[in-house]
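Consider the single chain below, provided in structure tokens and representing the form predicted on its own.
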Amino acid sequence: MKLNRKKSLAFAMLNVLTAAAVLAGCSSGSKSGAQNNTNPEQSAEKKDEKVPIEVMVAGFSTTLPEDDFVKKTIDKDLGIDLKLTLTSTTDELVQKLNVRAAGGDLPDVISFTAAQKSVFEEYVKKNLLLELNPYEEKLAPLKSFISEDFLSRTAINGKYYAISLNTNPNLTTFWVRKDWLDKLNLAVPQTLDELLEVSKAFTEQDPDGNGKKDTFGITGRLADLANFVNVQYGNYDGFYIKDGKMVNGLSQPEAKESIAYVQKMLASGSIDPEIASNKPENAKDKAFQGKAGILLTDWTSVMKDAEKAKWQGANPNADFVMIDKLQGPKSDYMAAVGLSAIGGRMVISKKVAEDEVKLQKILDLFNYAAQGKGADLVQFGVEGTHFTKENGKVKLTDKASEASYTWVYQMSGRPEKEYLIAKFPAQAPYIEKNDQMKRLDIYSAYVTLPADYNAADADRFKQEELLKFYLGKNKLDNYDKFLDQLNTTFKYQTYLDSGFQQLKDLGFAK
């Protein structure tokens, strides 16, 4: 009986407390509703909140306008608050990332350039980036826009940590003064040997007609010249397939043969004497000012309207022609391009996975920039304002310059050839020729560097020694000794062994 009375007392007290709570709730009105998230208006506000997303990109000299129509459109269409953090250089981007990584505050999305492979791999090792394998199906529009291997091109041990963007296809080739050729009754060179003969003629036969021996043939950068000659021998400093077998070009006999040809060119006295120290702008100035008749560069440096105005302003009779085909001693390759070559890597911070809503919005952002209105927006601006379409082809309007900054929003890259032709319709013939130039396929970018291999030190030693060979400061008889030191002291052999095995595992090498 006592036990039953205790139970009755307990229930009575519970009823009193419950009633008090109900009364308190009634008296507090909307305040209680806010605390319990039952207010319809506030629930709607929370539902309409935009998801903040930060993307860090090296913007170089790009500044975002105060009235940023790209951000406004993306924010509205996707329900996000997109913050673009731009750095002046790629080095500054890495510096800021390292500081933020130390504080556990990485941006949600990061853009790494193609050259920042080692930085990307270091962030993977530190477990800072999100593995993207589980999200491949959700990025189907992006895959269709970029390529089937948009993730696998940058795989590390079979795992995907980056969306790879398509590479810029602008290739380095020779641009020759056609008016000088005509003055000397010479034809456009069709072989590497003929190119050298024209270079000599431009040096010795007064092509500008000023009665002085003050011109020379080829200008550019020595590294570009050496690479070009190397591919004309069917070789490249990297992994490629030769006679059905994967090889590394540094140890192929054609490597020494191409170096010997570079030595021959330099010894001719027709090459820019400063070619070993030239920067691209220095070489371009020499060609534009009429000091050199052959420039080794890409079409953008010669045929963009602003560049063309420079050399035509210096000499209205000047006429540069592009050499898009040339037969070398052993091949007619004009360039070496990696099958896995990329224009950059877009990565997602691993911490984003903690917020499923934000992660989905980021995936939506990538897909948005890869199709329809979104792709047009980040490439050309607003249809009807910055561009129009005629038979499916983009035509820029007189307001297109207002959209010159939109490239920093190209999270998914762009279809380079079509994009460039739309942006530079007057240069379409050169873009087409560039696209058709014959390439040697390279597999080096598929190789992940071994942990005990210092790529920076090895590459520095390699380039320094190759320069000595080009300039004749070291005899080719010592080339094998150079390789031996590179392979042992700088562990290049470790890199080669690992590379061949990786390429075999990927199914490229036999």
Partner chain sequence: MVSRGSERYFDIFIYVLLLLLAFVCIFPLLFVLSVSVTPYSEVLRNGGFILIPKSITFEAYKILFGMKEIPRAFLVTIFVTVMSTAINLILTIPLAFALSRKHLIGRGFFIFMIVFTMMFGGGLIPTYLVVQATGLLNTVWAMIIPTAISTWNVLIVKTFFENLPEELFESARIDGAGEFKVLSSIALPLSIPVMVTIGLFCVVGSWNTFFAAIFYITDNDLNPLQVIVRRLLMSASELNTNATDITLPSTTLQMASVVIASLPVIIVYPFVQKHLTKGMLIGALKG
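Every value quoted in this text rests on a predicted model; they were computed, and no experiment measured them. Residue numbers count along the first chain shown, from 1.
Same protein, other form: the form predicted in complex with the partner chain, not shown, and the subject of what follows.
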**Message:** Can you work out whether residue 157 and the partner chain are in contact in the predicted complex, taking contact to mean some heavy atom pair no more than 4.5 Å apart?
**Reply:** no
**Prompt:** Is there any non-hydrogen atom of residue 425 lying within 4.5 Å of the partner chain in the predicted complex?
**Reply:** no
**Message:** Taking the partner chain as it sits in the predicted complex, is residue 281 near enough to touch it, meaning that at least one heavy atom pair lies within 4.5 angstroms?
**Reply:** yes
**Asked** Might residue 419 be said to contact the partner chain in the predicted complex, defining contact as any heavy atom within 4.5 Å?
**Response** yes
**Prompt:** If we take heavy atoms and a 4.5 Å cut-off, which stretch out of 193-201, 258-266, 241-249, 83-91 is in contact with the partner chain in the predicted complex?
**Reply:** 83-91
**Item:** Contact residue in the predicted complex, chosen from 330, 350, 304, 358 - any heavy atom within 4.5 Å of the partner chain
**Value:** 304
**Complete:** Partner-free chain; cross-checking the partner chain in the predicted complex, the single residue of 366, 380, 288, 175 with a heavy atom within 4.5 Å is 288
**Request:** Go through 56-72 residue by residue and record those having a heavy atom within 4.5 Å of the partner chain in the predicted complex; state none if no residue qualifies.
**Result:** 59, 60, 61, 62, 63, 64, 65, 66
